[in-house]
Ligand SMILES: C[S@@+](CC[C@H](N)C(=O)[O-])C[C@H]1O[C@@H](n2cnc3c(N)ncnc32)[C@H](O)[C@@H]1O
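Presented as structure tokens, the chain that follows is alone, the form predicted alone.
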Amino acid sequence: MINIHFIKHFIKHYWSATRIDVLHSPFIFDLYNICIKPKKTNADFIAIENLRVQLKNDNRIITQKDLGAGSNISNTKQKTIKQFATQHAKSKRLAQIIYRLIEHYRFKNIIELGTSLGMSACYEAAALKKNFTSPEIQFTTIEGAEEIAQVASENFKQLNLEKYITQHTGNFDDVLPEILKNYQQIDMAFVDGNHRYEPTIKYFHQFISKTHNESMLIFDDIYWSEEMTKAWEEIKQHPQVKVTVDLFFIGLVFFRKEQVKEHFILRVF
């Protein structure tokens, strides 16, 4: 089925994006050049992308249970790991942007909603490993489906990243409140699951109770549906939000009190 909402906003984004050479914000100019602008690969990227190739050739069948927000009824689907890696794994381009954000801003207290096969978590953990020892960091990733989480666990071990990642399995609505109790503050959260308006706004408010001035939140698929776009627009207007960066596929949220409230649209394609 053609996603008209997605296509319409893709075209709008393409023509309304700000040219980097006319940016007047030093913070966003540096963020773009250091974290977003395509750069050469490194050893971490090569290892993770080699893993992606393996997953795209893995014909094992796994079960996905999509619980949804606050629901006790699951929608069960069976797919090959190859299908999950092709359809759901975060793209190399976006995952490497997230890696550089963690590396550059030295985030070390991180929560991810939506582990899937663990590709984005591998990039996040690799960036953490580059900056810190495992006792210095707190990185939790949550997945709703046990079989998918098990494959992710295998991937973390293959890349020797398991010491940097704490995995939890279950419904975000049940698991997240308990995990948040173990965090004094959050440097970064990545919301990559349950792409609906109400749960997205709920997770946003749960996270901002733990954020600080230098924190960043990332929301995935902000133009995938009318609900997600509605949530994104509401998040942008929240009084604690000072700067947002719309990369179309993901949205970045910052709380820097010293900044004038501004919203930026930048291309990653």
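Position 1 is the first residue in the sequence shown; the rest follow in order. Predicted model, so just to flag it, every value in this text is computed and none were measured.
FYI, the form predicted in complex with the named molecule isn't displayed, but the following is about it.
Engineer: Identify which of 155, 96, 140, 116 has a heavy atom within 4.5 Å of the named molecule in the predicted complex; exactly one of them does.
Structural biologist: Going through each option in turn, the one that passes is 116.
Engineer: Can you work out which of 130, 88, 163, 106 has a heavy atom no more than 4.5 Å from the named molecule in the predicted complex?
Structural biologist: For this set of options, the contacting one is 88.
Engineer: Test of understanding: in the predicted complex, would residue 112 fall inside 4.5 Å of the named molecule by heavy atoms?
Structural biologist: Contact with the named molecule, yes.
Engineer: Please run the contact check for residue 145 against the named molecule in the predicted complex: heavy atoms, 4.5 angstroms, yes or no?
Structural biologist: Close contact exists here: in the predicted complex, residue 145 approaches the named molecule to within 4.5 Å, heavy atoms only.
Engineer: Classify residue 203 as contacting or not contacting the named molecule in the predicted complex by the rule of any non-hydrogen atom within 4.5 angstroms, answering yes or no.
Structural biologist: Result yes; residue 203 sits at the interface with the named molecule in the predicted complex.
Engineer: Test of understanding: in the predicted complex, would residue 187 fall inside 4.5 Å of the named molecule by heavy atoms?
Structural biologist: Contact with the named molecule, no.
Engineer: For the spot marked by 215, 251 and 264, is every residue within 4.5 Å of the named molecule in the predicted complex through some heavy atom?
Structural biologist: Heavy-atom distance to the named molecule in the predicted complex: none of the three under 4.5 Å.
Engineer: Would you give me the residues of 163-177 that have any heavy atom within 4.5 Å of the named molecule in the predicted complex, in order from first to last?
Structural biologist: Residues within 4.5 Å: 170, 171, 172.
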